[in-house]
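For reference, the chain that follows is the form predicted on its own, supplied as structure tokens.
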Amino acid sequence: MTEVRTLHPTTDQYAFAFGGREPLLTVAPGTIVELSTEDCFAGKVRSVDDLPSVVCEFPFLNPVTGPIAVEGAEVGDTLTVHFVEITPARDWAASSTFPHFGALTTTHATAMLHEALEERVWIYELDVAAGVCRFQARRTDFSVELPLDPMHGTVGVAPAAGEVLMSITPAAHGGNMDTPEMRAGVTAYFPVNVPGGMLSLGDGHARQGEGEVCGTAVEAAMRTVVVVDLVKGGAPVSPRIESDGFLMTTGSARPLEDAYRMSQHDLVGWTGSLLGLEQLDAYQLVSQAGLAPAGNVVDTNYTMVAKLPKTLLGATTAYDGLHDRLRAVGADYLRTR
């Protein structure tokens, strides 16, 4: 019987950084964890009149649940997270334009003489049963239903060398990568940089377009179920993701082209090691068959994802088929709970 643990933080237990904290929960490899997360506004934006710059307090943005320590995790290992279920915890979610934050406005790093875009809030109605969220324009009567596609924008482990990074920053440890690929059904692989790994996650999105262009998604509190596991050794240079159909690698940096290069570089190396290909052969295959969706182009670092269809692997599996085994554990949990 797979062990099931729960983690539902109180308000004062949420973290706003990766690293430098004691675990809220310690689990054995293979444990299912039922947890809850708050939205990136810490639940303080509840109406169109709640401007984030007024109701939120910097740096207490983007709270994460954790850390979760994994027994036996040592530096150089691979901490594995399979997302069984991600469900909005409320029937509403919020999004906003935020002063000096977003891809199409002046920011602190992209300094301009003109003012930043207007700060504005949108509240989305969520209908989990119907699988939709409703966009309502603020200045006209236009509205449209968009498909729910819940995911976690922020997932990661403690950084290396005792570093502490704010939860809004994506880097080699994971963090605020904001890739829509981090949805239910995928398995993510993170490098263990400190004993226990120290997994944290949050920043639930009811849905998000690639790039998170305005700086926020459809930000939602979540009820999430994960299976946490461990692979001894083999730590990736930055987080990897596996779905039923794709192998994915990530790169987080500025400028955006370096994030792109980092993700592609790891995908070439991973592909070559799995298929026994010389580097330039793997490079050629990824060049012709790979995809490159954007995670975010708004955070302190940008994130790019590189994807390769698993159909190209034939009978070869990543991590000895761990994704399929964890998927089966998750399916058993959903059938019997």
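Keep in mind that what you see is a predicted model, and the values were worked out from it rather than measured. The first residue of the shown sequence is 1; numbering continues from there.
Keep in mind the form predicted together with a further copy of the same chain is missing from the figure; the text below concerns it.
Distance criterion of 4.5 Å from any heavy atom to a further copy of the same chain in the predicted bound form singles out 289 from the list 54, 289, 28, 48. Only one of 262, 84, 151, 126 lies close to a further copy of the same chain in the predicted bound form, with a heavy atom inside 4.5 Å, and it is 262. Not displayed here, a further copy of the same chain is kept clear of residue 89 by more than 4.5 Å at the level of heavy atoms in the predicted bound form. In the predicted bound form, none of the heavy atoms of residue 132 sits within 4.5 Å of a heavy atom of a further copy of the same chain. Residue contact with a further copy of the same chain in the predicted bound form: residue 246 places no heavy atom within 4.5 Å of it. When a further copy of the same chain is considered in the predicted bound form, residue 222 lies well away from it, no heavy atom lying within 4.5 Å. Stretch 96-104 is the answer when you ask which of 96-104, 196-204, 224-232, 76-84 has residues with heavy atoms within 4.5 Å of a further copy of the same chain in the predicted bound form.
With contact defined as any non-hydrogen atom lying within 4.5 angstroms of a further copy of the same chain in the predicted bound form, the contacting residues in 202-232 are 207, 208, 209, 210, 211, 212, 213, 214, 216, 217, 218, given in sequence order.
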